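Okay, so here's just one chain, in structure tokens, the form predicted alone.
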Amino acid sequence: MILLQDIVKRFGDITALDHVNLEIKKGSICGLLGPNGAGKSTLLRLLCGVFRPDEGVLTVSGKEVFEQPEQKQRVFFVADEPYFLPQATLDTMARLYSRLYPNFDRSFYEELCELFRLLPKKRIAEFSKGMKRQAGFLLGLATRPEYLLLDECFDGLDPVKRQVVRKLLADQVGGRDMTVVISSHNLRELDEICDTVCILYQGNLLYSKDLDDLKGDVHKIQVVFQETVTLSQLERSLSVMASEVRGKFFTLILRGDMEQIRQTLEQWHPVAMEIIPLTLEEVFLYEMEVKGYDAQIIFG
């Protein structure tokens, strides 16, 4: 488990993270969302021990990571722009990581090279941006980490490679109980892969919630009433997050248990009622608007 308690990180006069409290369960995939400058990369670098918190306590599996070599061997961080030794090939980096990470799996590394169709003896400097991201990702997986931290890992990948990455992550989390933290500014990239999504904005943690709970708690309903019903009547009985009213035709975004919502609406004898599926992006847009934030700024 990853636990952050009142974490503060400053760089001169800039507060990159401001009293962040967060818990990430073992064997889960957590998505860190937010625009550039929100604090996502800083948080990942704290988790892998590159930075030390200025205030607060950060532990991974109950222990601090900064200046703790044994702890660092359990964590692998793939940066937004992965670093490779000058003139290095994939094989060069694999030999290096096999010395640094005791669980490095050579056969799995070779498997991944074939899967991503990357030449292990070619200089990484000659790879495209997308290929470099794939190289960093496959080297990270080959170390068999308990905690894999990925900074904007989908940028520069075509749709096929994105699907390959998603499947590999799901397999490793399911098969080895690996914990993954992925940062992104694009909510669509994290849909259908994350268990939990956290939103960072200007160094503050605005939101953290389990996706199953989130998706089951927000509903879009279109309903037509036979009787005259006002929005204020509905708001007294239901948790209305957003609404659009045209005469007796209502489009409602509601929070709560679907069966209870249905029973409440039946009191006004609706002529027709339809539940409209919501995307994860729509759910978060409504959630952020309710909290008073401009969702378009947060999600770019």
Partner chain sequence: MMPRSSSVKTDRVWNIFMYYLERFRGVLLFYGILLGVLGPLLVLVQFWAGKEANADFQSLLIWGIPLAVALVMPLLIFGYVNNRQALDVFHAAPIRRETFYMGGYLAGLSIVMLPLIVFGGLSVLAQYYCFEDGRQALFQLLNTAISAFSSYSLMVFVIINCGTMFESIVYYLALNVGYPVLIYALFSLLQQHTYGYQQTENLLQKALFSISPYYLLTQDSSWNHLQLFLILVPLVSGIILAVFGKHLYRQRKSEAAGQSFAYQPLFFVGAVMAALSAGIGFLTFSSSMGSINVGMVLVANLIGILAYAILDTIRNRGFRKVWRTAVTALCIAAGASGIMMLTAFTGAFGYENRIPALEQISQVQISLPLSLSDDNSYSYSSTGKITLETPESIALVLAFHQAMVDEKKPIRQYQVGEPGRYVTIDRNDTKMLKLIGKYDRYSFDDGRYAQSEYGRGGSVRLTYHLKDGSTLARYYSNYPFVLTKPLSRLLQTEEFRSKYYDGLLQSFSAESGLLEINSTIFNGYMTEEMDRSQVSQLQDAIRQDIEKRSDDFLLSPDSVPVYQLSMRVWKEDGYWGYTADSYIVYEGDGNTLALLRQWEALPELRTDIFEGTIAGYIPREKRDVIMNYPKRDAGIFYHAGGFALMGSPQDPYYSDINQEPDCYEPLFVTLTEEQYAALMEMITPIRLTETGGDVVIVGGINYLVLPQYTEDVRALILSASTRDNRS
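Positions refer to the first chain, counted from 1. Worth saying up front: this structure is predicted, and the values here are computed from it rather than measured.
Here the subject shifts to the form predicted in complex with its partner chain, a form of this protein not shown in this document.
J.: Does Arg45 reach its partner chain in the model of the complex if we count a contact as any heavy atom within 4.5 Å?
T.: Residue-level check for Arg45: yes, a contact with its partner chain.
J.: Report yes if any heavy atom of Trp268 sits within 4.5 Å of a heavy atom of its partner chain in the model of the complex; otherwise report no.
T.: Taking the distances in the model of the complex, the answer for Trp268 is no, it never comes within 4.5 Å of its partner chain.
J.: Examine Pro82 and determine whether its closest non-hydrogen atom to its partner chain in the model of the complex is within 4.5 angstroms.
T.: Pro82 belongs to the contact set for its partner chain.
J.: Is there any non-hydrogen atom of Asn204 lying within 4.5 Å of its partner chain in the model of the complex?
T.: Looking in the model of the complex, residue contacts with its partner chain do not include Asn204, since no heavy atom lies within 4.5 Å.
J.: Considering its partner chain in the model of the complex, find the one stretch among 61-69, 227-235, 246-254, 270-278 with heavy atoms no farther than 4.5 Å from it.
T.: In the other structure, the partner sits against 61-69.
J.: Answer with one of Tyr109, Phe137, Phe77, Phe154: the residue that has a non-hydrogen atom within 4.5 Å of its partner chain in the model of the complex.
T.: Selected option: Phe77.
J.: Which residue among Arg176, Arg117, Lys167, Arg95 has a heavy atom within 4.5 angstroms of its partner chain in the model of the complex?
T.: By the 4.5 Å criterion, the partner-contacting residue is Arg95.
J.: Is any part of 45-64 within 4.5 angstroms of its partner chain in the model of the complex by a non-hydrogen atom, and which residues would that be?
T.: Stretch hits, in order: Arg45, Cys48, Gly49, Val50, Phe51, Asp54.
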